[in-house]
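What follows is one chain in structure tokens, specifically the form predicted on its own.
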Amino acid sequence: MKLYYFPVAPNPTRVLVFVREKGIDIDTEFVDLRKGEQTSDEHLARNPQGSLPVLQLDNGEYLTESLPIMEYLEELYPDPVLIGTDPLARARTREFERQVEVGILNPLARIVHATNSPLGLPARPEIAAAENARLLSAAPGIDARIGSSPFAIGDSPSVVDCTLFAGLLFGEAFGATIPDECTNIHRWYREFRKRPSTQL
């Protein structure tokens, strides 16, 4: 298998961290978003949407979209478990992962691209303001749910950690942050970024 990615970009990052937490040996190939390589014929043949990440399977087929890629790898490589050990635990993990994606990763990514886009997109202050409001609304609840847990959901890493880390890393790289009052998230981020899986 091969993972096509761009470093720091949130969706490729969460899959890359997931792969590393799993301990899966996958080839990687850099697709330079800044140079527009995602719009090349070569990449569009992998993913007509022109986005990343893309996972090339051993049979030559491609999987796109972060969560389906991670769930596919979870089924192929069930140990260590990153999406729950029973039906309810898997549902709770997916539930929280979705809350983190919608409430933190997506708003931070949109704030960055509306204020300081690494891809050179024009400033859109109205989008930045709306997404900041979404972030301020969602972050306290996520902070409370993490509480004092060593990981985002319990005592071991999960797909939630991968998504939360990717969003916070991208925001930090380009000047978008969560409120200082979210002390549990800040504490979690300081600790999780020390893990070998996050050394991009």
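Bear in mind that the values here come from a model prediction, so they are computed numbers and not experimental data. Numbers for residues come from their place in the sequence shown, where the first is 1.
Separately, the form predicted in complex with a small molecule exists; it is not shown, and the next lines address it.
Here the chain stands by itself, but in the predicted bound form one stretch of 52 to 60, 156 to 164, 22 to 30, 128 to 136, 52 to 60, has heavy atoms within 4.5 Å of the small molecule. A residue is said to contact a partner when one of its heavy atoms sits within 4.5 Å of a partner heavy atom; Glu172 fails this definition for the small molecule in the predicted bound form, lying far away. At least one heavy atom of Leu119 is located within 4.5 Å of the small molecule in the predicted bound form.
In the predicted bound form, the small molecule lies within 4.5 Å of some heavy atom of Ala9.
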